[in-house]
Ligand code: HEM
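So this first bit is one chain, no partners, the form predicted alone, shown in structure tokens.
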């Protein structure tokens, strides 16, 4: 397959369900390749799947995120492009400095008992729902509620609002995929952004009247005291993006990871009580089944990358998931090895836009997985599953299991 055929295959239904053969084919062409003008989705001039080049571009602060024309007219784009995940320096630096203060080792330490409590509650729920051999949807009963409830408590969202919130998150995620830029999905994403902005304005007003110990209360306090260089509307944009980015990736870390782990019963049997193994499993799941499969960056100047000329302002597609299976950096890359040596995965990015919520996601995985398999050592998948239609955020949305507990 040539590069054009590989990209066309990636964007097909076959590619969305299993992109890894296409990534392997791309590696045979080298770490970065020019994209022919005739290729599908050829708004990018080059595609990079090599670990070192993807890592290099993500770490270089000069490479920037381009703004699509007319972004000011769309609520969803205004929300994205006034948040630290999407803006470039110096605004990115200003915003990130505010939020970086909240993701401290002390705050993460305080989250541990919260995660442990929520995991225990969800395991009890799974045990009850799965009594007498009944099937349980692992995503609905565990993979989704654990990170959603953790982030809700951390940020300060009432748990009762999460069902309403999830629909808006889904509308936004559908729009973010390569194939999601349709008028219908744009309208839904705009509606979601408008409703979420109104929701956060009300929540901020409530926290001003009755502050708590959550992230929103703390940020509102310093915002009103003039202690941070951030407007209230920027705060809202960042809260929307932070919540989405910090829990959707964790949902897919759990749901994508479960079949992978169940294929290795020796690992799941050894997980309870082995914290080092738990950390290794989280990293290997993130490497092999990255929730985010690609990012894009624009060149600050003309440059030659691995023999491929890239002009100033050209877009380069960075295939995170391909880089995480680069055989040049991960020998036998399709083999699951939680004790693997090598560089860290790029699942949460690196550099300026490294995901702030990654430490929370990793902590949730490290605490939850050993408890899951200690409680349900005979956990088993019972039905064929499919991945979401998105290649940007790729994950299993329904995963039916039996817990293996006696009735």
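Residue numbers count along the first chain shown, from 1. None of the values given here were measured: they were computed from a predicted structure.
Omitted from view is the form predicted together with protoporphyrin IX containing FE, to which the following refers.
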item	value
All of 279, 366 and 381 with a heavy atom within 4.5 Å of protoporphyrin IX containing FE in the predicted complex	no
The unique member of 31, 357, 370, 338 whose heavy atoms fall within 4.5 Å of protoporphyrin IX containing FE in the predicted complex	357
In the predicted complex, the one of 230, 77, 157, 295 near protoporphyrin IX containing FE [non-hydrogen atom within 4.5 angstroms]	295
Contact test in the predicted complex: residue 320 vs protoporphyrin IX containing FE, heavy atoms, 4.5 Å	yes
Partner contact for residue 27 in the predicted complex: protoporphyrin IX containing FE, 4.5 angstroms, heavy atom	no
Residue 169 within 4.5 Å of protoporphyrin IX containing FE in the predicted complex, heavy atoms	no
Contact test in the predicted complex: residue 50 vs protoporphyrin IX containing FE, heavy atoms, 4.5 Å	no
One stretch from 286-294, 263-271, 222-230, 182-190 that, in the predicted complex, holds residues within 4.5 Å of protoporphyrin IX containing FE by heavy atom	286-294
Interface residues of 67-86 toward protoporphyrin IX containing FE, as seen in the predicted complex [heavy atoms, 4.5 Å]	84, 85
